[in-house]
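For reference, the chain that follows is the form predicted on its own, supplied as structure tokens.
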Amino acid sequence: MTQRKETVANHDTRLQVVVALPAHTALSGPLTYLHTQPCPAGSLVRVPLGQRDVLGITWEEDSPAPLPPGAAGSEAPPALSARALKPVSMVLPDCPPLNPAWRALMGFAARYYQRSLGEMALAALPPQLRDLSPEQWQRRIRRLQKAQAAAPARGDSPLQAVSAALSPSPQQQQALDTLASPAAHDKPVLLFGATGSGKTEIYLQAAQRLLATDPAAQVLVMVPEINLTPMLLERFTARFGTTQVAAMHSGMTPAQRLTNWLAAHLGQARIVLGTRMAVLCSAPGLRLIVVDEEHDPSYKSQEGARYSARDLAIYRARVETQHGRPCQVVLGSATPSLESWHAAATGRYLRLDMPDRMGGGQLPHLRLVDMSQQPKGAVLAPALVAAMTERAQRGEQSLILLNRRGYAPVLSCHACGWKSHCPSCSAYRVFHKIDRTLRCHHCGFTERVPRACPDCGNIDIAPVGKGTEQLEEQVAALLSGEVRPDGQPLHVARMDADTTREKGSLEAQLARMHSGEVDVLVGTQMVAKGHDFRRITLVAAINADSALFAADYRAPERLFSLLMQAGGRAGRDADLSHQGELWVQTWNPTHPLFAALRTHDFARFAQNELADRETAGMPPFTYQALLRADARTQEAAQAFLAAARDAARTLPGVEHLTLYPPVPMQIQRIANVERAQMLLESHSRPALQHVLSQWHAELARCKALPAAKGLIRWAIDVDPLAI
């Protein structure tokens, strides 16, 4: 597509510019500005909007609008004379335009996830771009150019002066050969590899092969959480060198994010490694996308544009290929999402199996501990304590998994029934003993633990339930008196969001684990996946039953994945793999989920779950969207949703959808904002998208109804993970 350049009387050129405006405003499409000369589509500009200058991107005028005719924001503003149009304030100098493939990705994401084009496109850019002066911008460009000049020439081997690749095992070589075949370039590849099977080495060697053959190629490697980036970043920089790898995640400073984004956008960074935001990064030479731990729900954004980075990675590979640069996408996991597993079973994805661990290591043995047979009040079964002690005395490590941080979920008075409710949320404040606070994990409200019950004055208030902080304390007490082979007392540590909050703390804790300084690690799910702890031979899950009978239909899938991933931390060293064990403390040892877990049979578990979902009409056999409403009162939120439901019934194509009644969300109130939602479901994805795209104008009218007074915001969540 070419951008239309209309010259007016004063020889100015009209440019179409997208800026960050919500989808439900009248100005959500590209806006028209004047400039002294033509400007390529994809150029970064600053333009006046109201009383301020904002960052914008020039766009093709004939590009399809993110919302079709009839939707709020799709109507173009009234025709303006050249005299009424405002001029572009500045074009960012020395910056190549964002290429057509990137712009096509933004257009698709805006349409599919029901956001405005400007919202989606501008959110993908580093925030600091909005604040730099032209002089500051040019200094950054010169600094990057100087660093590029000091780096090896682009034609040199990407492995110059860095470590060589490891020799692949026969299983890895077969996977690499298949990835190089034409069949693996025609459709997404699902790399189904057991924990410890060497998937990361596959990523490294596939990237190495690509970079060695194409001097302009770039690789995008995605991980679900920030805590997984240090280990993977270390492996990639050790293989390719620090100048060719750029990290991208929300834990970086604005300056770091801008520098790394520029390195990727200018093609200087050959490998971009990051969390879900990295899928939106500009990388003009992109030829390979890797989505590690593709099953992880962290790839789905839960605020703003609620996009799935995994799904956008698949679409991005397709659109890059359509624009002339073949791009391959690899989804890696030991426990794939049921959506990906179903896609592979129906032939839409190519599945590569890697069932064996490196070096012939064994997968961990499952030991179920029936808690009904343990001493009353036991936190850890005596046999489990003995097993951890035995391993520590041999110089091995243990991991205890409890997916709840803090000391206790609730503080309670048994005299009057008072509990540590959050005054602003329909949730409890968590007791953190280490700083004697009650902290809400939803709104952040924190206060000191009261000396006595606020209601009755009883001084005997006690914690209810267990968190990682309490578990760490109790494990340390149970293992006190035991010593390591060197005669030193055993060291128990904790790793969760609280202990890794400060800068550098995550890397320091990981280093202590790898060095063997820690004997028993207590942690949440952040330590259960992706980490290569070579000395762990025992993993124990303490509170697994809560997900067995949850209302969320995805809970069994998440539990099975969490337990398999956690168990995969045990016995990763082939010499110790025969001692690897996964202990699960449960009150339901006969549950079918554990039968599949015992044999590490993900295929059996997936087959059963998919059969149940097909019978119940759940994804991936149906397609869903949620309309969420936040308001000052629950009545206003539900009144808006009820009006929206009535309005949706009048839209063409709604007969292919099921519209469910509005209900409060699971956590009904957060920060004094009431929340409700309404589910839409269809057996046809196009039918669902068609109705959603027409709905915006109706939603804008529903918001103005008297019954909806007090509505704060509404949002559409396509393909929700939590209902």
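From 1 onward, residues are counted along the sequence shown. In this text, all values refer to a predicted model and were calculated from it rather than measured experimentally.
From this point on, the text means the form predicted together with a small molecule, which you will not see here.
Q: Report the stretch among 167 to 175, 127 to 135, 631 to 639, 482 to 490 that approaches the small molecule in the predicted complex to within 4.5 Å, counting heavy atoms only.
A: It is 167 to 175 that comes within 4.5 Å of the partner.
Q: Considering the small molecule in the predicted complex, which of Asp532, Asp545, Asp186, Asp214 comes within 4.5 Å of it through any heavy atom?
A: Comparing distances to the small molecule in the predicted complex, the residue within 4.5 Å is Asp532.
Q: Only one of Leu597, Val91, Ala194, Leu368 has a non-hydrogen atom within 4.5 angstroms of the small molecule in the predicted complex; which is it?
A: Answer to the contact question: Ala194.
Q: Lys199: heavy atom within 4.5 Å of the small molecule in the predicted complex?
A: Output for Lys199 is yes: heavy atoms within 4.5 Å of the small molecule.
Q: Quick one: does His342 come within 4.5 Å of the small molecule in the predicted complex, counting heavy atoms only?
A: No.
Q: Taking the small molecule as it sits in the predicted complex, is Arg235 near enough to touch it, meaning that at least one heavy atom pair lies within 4.5 angstroms?
A: Contact check for Arg235: yes, within 4.5 Å of the small molecule in the predicted complex.
Q: So, in the predicted complex, is Met358 in contact with the small molecule at a 4.5 angstroms heavy atom limit?
A: Output for Met358 is yes: heavy atoms within 4.5 Å of the small molecule.
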